[in-house]
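Coming up is one lone chain in structure tokens, specifically the form predicted alone.
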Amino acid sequence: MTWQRETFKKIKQLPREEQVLPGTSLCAGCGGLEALRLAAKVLGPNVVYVNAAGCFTLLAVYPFTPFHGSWLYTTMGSAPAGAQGIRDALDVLIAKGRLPQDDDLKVVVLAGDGSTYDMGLSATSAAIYRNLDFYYFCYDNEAYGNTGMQLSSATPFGAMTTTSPCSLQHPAGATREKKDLFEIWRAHRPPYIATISPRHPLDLAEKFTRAARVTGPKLFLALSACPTGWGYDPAQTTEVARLAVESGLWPLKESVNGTVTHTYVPKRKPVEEYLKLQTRFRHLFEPARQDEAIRHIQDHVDAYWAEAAAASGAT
């Protein structure tokens, strides 16, 4: 069955009101900020953002903020715990009649892949187990971007980071596959999980609209193309983000009560079109082409989509 958008069918239908204003100190060309800006349009102004330490810490530097909503800063590992405290406080105020139901706020965790895949995973698992009603927005730039692009468990095979350099012992750079956080969350049985990309704004907006209909933990994994860490001109962010999806490396999908649907199935361009744009993968092509490593990445993508096709009954 083909996935259909119900609310957003044309780009002009996206909310015009901006909830994240310009003028932040984030890097030029940040794909994560573009994804958050689009998401915030759907979330609206009645939001409390709980920010785990990371790149997005630079979004709101006291006393300045680009948000219409509220902001709470936490350590890298405790953002879901902060979200729990806020959600509990709101529920108590509503129950006592001190806060009208119409003034209720959405609670949104903002965290990078370092917090999401690594340091905050324990607190996140506990929050999902407690069925906390919150949104978890992960801006995934596949490394510890705020501290110099060190390896995280979201770093893909073959990428070069400051702690997984290309070397004689490891000529391909990072030697491990990226952790599958989508499936880790799905094993917890939350009501809604999705991957998103700012290059597919209607897909992104539709998913946030669908998630708003359910109560409980809601995860959004946002592809966050990173010119500073990935090594490309900021003007190429749109092309890098587009090729991540079109090559099949970043599947767009959702899980509703455990049932997975791919919301966009690309015809799939060769992965090297995506890899060649970034200096973090340059060692796979220069000074000598590493065909085995490139083939390994391509085979991994092909195997994923073959399994997805088999699961959906497609040919």
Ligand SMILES: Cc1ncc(C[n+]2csc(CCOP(=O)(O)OP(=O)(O)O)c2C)c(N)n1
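Since the structure is predicted, the reported quantities are computational estimates derived from the model, not experimental observations. Counting begins at 1, following the sequence as shown.
A second form of this protein, the form predicted together with this ligand, is not displayed here; the remarks below concern that form.
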Subject >> Joint contact, Ala53, Asn141 and Gly145 to this ligand in the predicted complex, by non-hydrogen atom at 4.5 Å >> reply: yes
Original post:
Does this ligand come within 4.5 Å of any heavy atom of Gly114 in the predicted complex?
Top reply: yes
Original post:
Any of the heavy atoms of Met76 lying within 4.5 Å of this ligand in the predicted complex?
Top reply: yes
**OP:** Classify Val245 as contacting or not contacting this ligand in the predicted complex by the rule of any non-hydrogen atom within 4.5 angstroms, answering yes or no.
**Re:** no
**OP:** May I ask you to state whether Leu221 is within 4.5 Å of this ligand in the predicted complex, using heavy atom distances?
**Re:** no
Original post:
Considering Ala194, Met119, Val108, Ala174, which brings a non-hydrogen atom within 4.5 Å of this ligand in the predicted complex?
Top reply: Met119
Original post:
Out of the stretches listed (37-45, 54-62, 282-290, 248-256), which one is close to this ligand in the predicted complex, meaning heavy atoms within 4.5 Å?
Top reply: 54-62
